[in-house]
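One chain comes next, on its own, written as structure tokens: the form predicted on its own.
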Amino acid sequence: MMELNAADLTTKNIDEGCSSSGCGGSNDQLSHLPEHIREKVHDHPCYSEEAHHYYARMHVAVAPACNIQCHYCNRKYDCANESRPGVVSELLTPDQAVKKVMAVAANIPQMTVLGIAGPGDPLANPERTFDTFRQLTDKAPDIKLCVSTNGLTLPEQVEELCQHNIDHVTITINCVDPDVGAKIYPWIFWNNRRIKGRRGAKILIEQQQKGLEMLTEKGILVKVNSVLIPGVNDQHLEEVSKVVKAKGAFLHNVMPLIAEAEHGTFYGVMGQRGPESLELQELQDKCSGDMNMMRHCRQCRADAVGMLGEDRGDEFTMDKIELMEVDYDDAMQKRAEYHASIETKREAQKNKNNETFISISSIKRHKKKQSRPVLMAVATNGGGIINQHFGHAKEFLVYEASEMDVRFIGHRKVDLYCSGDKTCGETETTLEKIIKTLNGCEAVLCSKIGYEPWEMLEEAGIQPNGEHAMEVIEDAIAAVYIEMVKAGLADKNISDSEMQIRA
């Protein structure tokens, strides 16, 4: 076999229209957009997959009421344990929310985005929502403002949204067919009446589509969230993606149903299953032909604080905030300096990638056999690098390496394997759950890993790898993939039985 090296694999992907983070990366998604649009999402962790490695977001819980009922939703207003939409530890008044935002922005300088996403629907609580936005527009002009809505009253609120410099709106659209909608929404509250079944779903869909068109006409970027519900809308979401793209949506986020019985939702109590990780990935791939896909969503709480994948809300409860003194003018200056340092780092990494990134597509020139795509899991604390111990990971980012690129697939949450006490590594059931969650992955890249999990991962056909600590994720995955290609471990003609063993 001809020897492969980095010099042989000098980047070709820039010429081929691929970014250094792969053809499926967010850089590639944004490269065709006008400059003013790219500026809107450049530091938005939800609208840019690359940005979520560097920038943080927060939500404020000022909107308790909702005007529709979803079978997957059960709002909780004083819950610190569950991590899902609709859950908050404490409801806030607009004044409290503004005070909290300014305190968080002063203490977490990478925070760029403030969103109102519940725990009900922000536009079903217009006075509280817009009072918060009005104050923040004046007091914290450097923070992007976002809102998430079910869309029922969106058309009548578009003008008000435009007055508050809101460039990003998320609409949850689970269907465009009222018959499907009747299985998801038992009722809506419309014109002071509760309307049930198909009729209610039809009104909701019409309002969502009208609001989407109005927002895009105003130049507001719209992200569409869709909850994947197996057996209900899984065969329908491709059509949803086509429709919302045609109406101008910027991004589509297909999320897995969260339906544990302990959450008390209708679907949870009735035993409706959520999708498997590979099932979700397959549907996202099908939809990606029609829309840019968001794959890094964490389905955040309505009071989440920090980077995606973490929640620092406990550090910023109102009793603690009341004791903080914030000079926001000074904090804003320091935030600007901090953001400039982030951008310097991003630019340096981009230049490095443009010079040295391993273009996996070149492998085809050196091998007669074609290589198949390989999934790999990564443990990271952020920054786009491999910097987390396997035992400390609460989630793994999953990437797909192929002959063409390295692309981000999604994240998979796990229970913490190592809690730092003497029982670390002794609970096999936790590790077994992690291995099951990593189904389909053939390698795990982390900064360090203990002997016991290493052995069990190998037995399950998942190769642990701690050789790329502190390296850029995409570069490390590309290097591991090349080694697999060299060894013939990624050939397309690997037998089905060997593939099953590896899975």
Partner chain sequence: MSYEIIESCVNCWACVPLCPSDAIYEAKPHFMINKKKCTECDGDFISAQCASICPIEEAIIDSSGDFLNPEGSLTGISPDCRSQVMVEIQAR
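Residue numbers count along the first chain shown, from 1. The shown structure was predicted, so the numbers you read here are calculated from the model rather than taken from an experiment.
The form predicted together with the partner chain exists for this protein as well; it is not shown, and the discussion that follows is about that form.
Just one listed stretch, out of 237 to 245, 136 to 144, 181 to 189, 219 to 227, contacts the partner chain in the predicted bound form at the 4.5 Å heavy atom level, and that stretch is 181 to 189. The contact residue chosen from R199, R273, K286, K433 relative to the partner chain in the predicted bound form is R273, the criterion being a non-hydrogen atom within 4.5 angstroms. Note on contacts: among P464, G461, P64, G440, the single residue with a heavy atom within 4.5 Å of the partner chain in the predicted bound form is P64. Residue contact check for F130: none of its heavy atoms lie within 4.5 Å of the partner chain in the predicted bound form. Using a 4.5 Å cutoff between non-hydrogen atoms, V269 counts as a contact of the partner chain in the predicted bound form.
Among residues of the shown chain, P373 is not one whose heavy atoms approach the partner chain to within 4.5 Å in the predicted bound form.
Shown alone here, L91 lies within 4.5 Å of the partner chain in the predicted bound form, counting heavy atoms only.
Contacts between 217 to 234 and the partner chain, taken as any heavy atom within 4.5 Å in the predicted bound form, involve P230, G231, V232.
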